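Next comes just one chain, in structure tokens: the form predicted on its own.
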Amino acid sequence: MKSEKKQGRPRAFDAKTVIGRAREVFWDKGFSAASLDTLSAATKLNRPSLYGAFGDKEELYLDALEDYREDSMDVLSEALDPALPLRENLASVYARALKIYLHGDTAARGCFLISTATAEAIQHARIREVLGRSLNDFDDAIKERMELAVERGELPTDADPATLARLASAVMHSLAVRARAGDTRETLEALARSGVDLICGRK
């Protein structure tokens, strides 16, 4: 988002609310198919106001990606509460993820980041940067919990926290794609349970 000027009339809208509304459009239609008219209608801002506040469509989309990354990190941090066992942490991560992935007015939409940014990353370097940084941030947060699990004896001493974190993330990515493809909640929950067992071992 463009930095606000120090002087002049304050904006008559909340930037986070506008970005959230734009995110809904991008999530349903993707970056390329989201028209400025649709974004203007959804955000309740005319084109000049959108351009003045956020720049072009790519800038607005990047703001939406960053907003989603921040929200996702908050959800992940809550799910990885170290006061709980690792198995419960991972189960919570996947349950919270599915709550997001299965939401949609017409069909399950999956993960905003995985569903939309991967399609644009080849042609848009800045989108690729946000995508890669977001995935690495998610991996790092899970890795910290895996390292603690090794220290506590929840995982074997020779376990590789970095690899296990990427594996846990890979399960989450699969859930996102399969949710968008129409898999049932039951199928996705079974996959999530298998992912937890793969990392933590069967009970």
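Computed from a prediction, not measured in an experiment: that's the story for all the values here. We number the residues from 1 along the sequence you see.
Not on display, but discussed next: the form predicted together with a further copy of the same chain.
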(message) Just to confirm, with a 4.5 Å cut-off on non-hydrogen atoms, which of Ala79, Ala97, Ile114, Leu86 contacts a further copy of the same chain in the model of the complex?
(response) Ile114
(message) Which residue, Ala91, Met73, Leu102, Ala121, is the contact with a further copy of the same chain in the model of the complex, using a 4.5 Å heavy atom cutoff?
(response) Ala121
(request) Considering only heavy atoms, tell me if Ala149 and a further copy of the same chain come within 4.5 Å of each other in the model of the complex. (result) no
(request) Give a yes or no for Ser169: in the model of the complex, does one of its heavy atoms lie within 4.5 Å of a heavy atom belonging to a further copy of the same chain? (result) yes
(message) Taking any heavy atom pair closer than or equal to 4.5 Å as contact, tell me whether Arg21 reaches a further copy of the same chain in the model of the complex.
(response) no
(message) Contact with a further copy of the same chain in the model of the complex for Leu191, defined as at least one heavy atom pair within 4.5 Å: yes or no?
(response) yes
(request) Counting only non-hydrogen atoms, choose the one of 156 to 164, 48 to 56, 35 to 43, 62 to 70 that falls within 4.5 Å of a further copy of the same chain in the model of the complex. (result) 156 to 164
(request) Would you mind checking 129 to 153 for residues with a heavy atom within 4.5 Å of a further copy of the same chain in the model of the complex? (result) Leu131, Gly132, Leu135, Asn136, Asp139
